[in-house]
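Have a look below at one chain only, the form predicted alone, in structure tokens format.
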């Protein structure tokens, strides 16, 4: 890694969001070269360009330079400004792609963020808005980010390829974060879910619910899966259906799984029964992996621990995903922070897969742009 004037240099398009988000928080410029340099269609994709535009909207004074072919990007972060923003997300990726990064940045704005995102709300690639609402928001609350203005709301649903969904996200600002000790996930006490259907028969959602319950009822009685059928304007531009499930434990841990139908005109048609069954199995697998944070939010938890006060934070996670492992490397580059990683084999008290206990001392990050009243 070449460090010239404290800027970090990377090659390739992988983990672009991680690098830009950490660059914004740490204030270190970043240069990314060789972005799909050997592709027939080289350079940044439309959804990445849209993400960079979003960063530009929520910061003040960022400098972004992209060469003509789009294969080199130089990003010098400005101050996180926040305020009221609207953004059209590219329909190639869902709103979750943009929202994951906003969850990392929103608490450190100068003004509380209130943003309307338009695009695809549920797809097969990124975490859906429903899952982020059910798992990421309670996680942020553990770190002391809470308040009346803290909400995430699906105004309209939009399925790929047309999109047409709309989501409202607002988050208060915080001066500092609380350290956390999340070492005991507890036992599963209830399962909640949303089966949604847009521009198809409302019966689809009921069929999904029945098949999912057939599997989950063998394990736990307290299951409630809402059906959400949106009509007219609020159903977006493309037909589709899907299911997101969330298991809650006695200690307030949320583990999630979700599936969506294939986009219109792509791949084979999916039966609602199969989708419900497969989603229930995915949830059971996530419960087996376990930990105090589910696999979609591992990197968010590690980032908030890093930015906490200069105190020890501990989190018990399931097996680390490849995305999280790369995120740990980036945390070391941007913040010079190392985690202590202990593997916990599943003994008598821990059921399921092997767990990892992550420990670190926060860097004492404080929101400099927040004016104290």
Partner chain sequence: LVQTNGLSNSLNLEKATLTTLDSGHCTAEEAFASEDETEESSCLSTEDEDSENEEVIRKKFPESFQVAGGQRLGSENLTDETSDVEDLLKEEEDYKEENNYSTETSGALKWKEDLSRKAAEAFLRQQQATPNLRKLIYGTVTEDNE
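Residue numbers count along the first chain shown, from 1. Keep in mind that this is a model prediction, so the values were computed, not measured.
Just so you know, the form predicted in complex with the partner chain exists too; it's not on screen, but the next bit is about it.
Among the residues 33, 63, 340, 53, the one placing a heavy atom within 4.5 Å of the partner chain in the model of the complex is 340.
With the partner omitted here, the residue from 16, 25, 356, 363 that has a non-hydrogen atom within 4.5 angstroms of the partner chain in the model of the complex is 356. Look at 53-61, 327-335, 33-41, 309-317: in the model of the complex, residues with non-hydrogen atoms within 4.5 angstroms of the partner chain sit in 327-335.
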